[in-house]
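As structure tokens, one chain now follows by itself in the form predicted on its own.
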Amino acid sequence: MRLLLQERTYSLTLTILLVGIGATITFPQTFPTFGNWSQLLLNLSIDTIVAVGMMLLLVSGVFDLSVGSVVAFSGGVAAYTMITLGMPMPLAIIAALASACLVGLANGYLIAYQGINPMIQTLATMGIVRGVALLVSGAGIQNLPYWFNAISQSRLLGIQMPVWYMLLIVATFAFLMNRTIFFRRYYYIGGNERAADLSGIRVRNMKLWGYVLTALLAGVAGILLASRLGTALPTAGRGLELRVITAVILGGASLSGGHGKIIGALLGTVFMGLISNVMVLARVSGYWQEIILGLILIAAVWSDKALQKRSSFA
């Protein structure tokens, strides 16, 4: 029982199972169907890909509020370069990912090397990049090429491709965080940044690359979302940053850094998606859904603080 309470991935897995059983009993005709679960996983795939990057940052003790804007920006750049500039699809995707990485590079440099507060810097970037996304996409760019739409709209074993991309990214980063020295250093930085610096870890360089990787994943998510919708919308990803941070904290990350697993990011988004799915099946209004998700964020932050206080007394 003590391990269950201390290890967030175990307790969250149990919670997901209990919510799933309750939803199956309450909505036996709609919840436990292949169609519902396929749609649920598709809906949370974009959030999960971004959450993997956010987990990496929170492990090292920082975060990024601009990821939702980067999602809209990268999708807009891909569509603009294909439709307006007539660029081939592979080059358009490279241009979109490079643009996303430039946003991460700017965030990482100003935070790691110039000492700007992460919240102030990424909040400012969120507004700037959203504005650029509006300039690039206008009211939205439609009629995207068939092969671009096929990236997300094609299926494997009856499941749309974003779900498979999500699982591949989660598995890749889970392996990297567990098995490689480079990514393990983020835990040392989040645990004690000063000690990590004294032990020879290039803390500022690692933080910079953390922001670049997070922006790259948000760029991938933006391309997949535009491909899935068949349209690049400047409003895409609005509010995504709060959903992702909530999911990652629920999944075991700490706002003070040093803790968290990639699988926890996946479990956090599954839990959030499950709650949203149940509320839709129960026909809860959108207003109440926003209120309930906000309350979940408060509960997640409170539990994080409570666990920190408990560990400090242990």
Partner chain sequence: MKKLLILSLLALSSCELPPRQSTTSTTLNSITDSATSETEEEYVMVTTAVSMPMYVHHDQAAFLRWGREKGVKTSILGPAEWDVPSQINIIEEVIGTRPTGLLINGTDPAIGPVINKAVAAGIPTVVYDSDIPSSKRHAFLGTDWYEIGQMQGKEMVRLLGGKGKIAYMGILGLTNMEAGFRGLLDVFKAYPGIEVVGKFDDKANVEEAARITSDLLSAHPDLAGLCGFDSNSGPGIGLAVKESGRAGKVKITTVDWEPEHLQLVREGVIHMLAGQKRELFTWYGAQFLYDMVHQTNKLSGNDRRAGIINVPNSINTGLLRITKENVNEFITK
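As the structure is a computational prediction, the values presented were derived from the model and not from experiment. Residue numbers count along the first chain shown, from 1.
Although not depicted, the form predicted in complex with its partner chain is the subject of the following passage.
Practice problem: Answer yes if any heavy atom of residue 255 is within 4.5 Å of a heavy atom of its partner chain in the model of the complex; otherwise answer no. | Solution: Heavy-atom contact with its partner chain at 4.5 Å: absent for residue 255.
Quiz item: Is residue 166 close enough to touch its partner chain in the model of the complex, meaning at least one heavy atom pair within 4.5 Å?
Solution: Contact with its partner chain, no.
Quiz item: So, in the model of the complex, is residue 157 in contact with its partner chain at a 4.5 angstroms heavy atom limit?
Solution: Residue 157 belongs to the contact set for its partner chain.
Exercise. Considering only heavy atoms, tell me if residue 285 and its partner chain come within 4.5 Å of each other in the model of the complex.
Key: Answer yes; at least one heavy atom of residue 285 falls within 4.5 Å of its partner chain in the model of the complex.
Practice problem: Name the residue from 233, 189, 93, 212 that puts a heavy atom within 4.5 Å of its partner chain in the model of the complex. | Solution: If I apply the 4.5 Å criterion carefully, the residue I get is 233.
Practice problem: Please pick, from 174, 229, 123, 132, the one residue with any non-hydrogen atom lying within 4.5 angstroms of its partner chain in the model of the complex. | Solution: Looking at the other structure, the residue within range turns out to be 229.
Exercise. Choose one stretch from 107-115, 141-149, 204-212, 79-87: the one whose residues place a heavy atom within 4.5 angstroms of its partner chain in the model of the complex.
Key: Partner-contacting stretch among the options: 141-149.
Exercise. State yes only if every one of 60, 196 and 199 has a non-hydrogen atom within 4.5 Å of its partner chain in the model of the complex; otherwise state no.
Key: None of them does, since no heavy atom lies within 4.5 Å of the partner.
Quiz prompt | Members of 34-49 lying within 4.5 angstroms of its partner chain, judged by heavy atom, in the model of the complex | solution = The stretch 34-49, when checked against its partner chain in the model of the complex, contributes 39, 40, 43 at the 4.5 Å heavy-atom cut-off.
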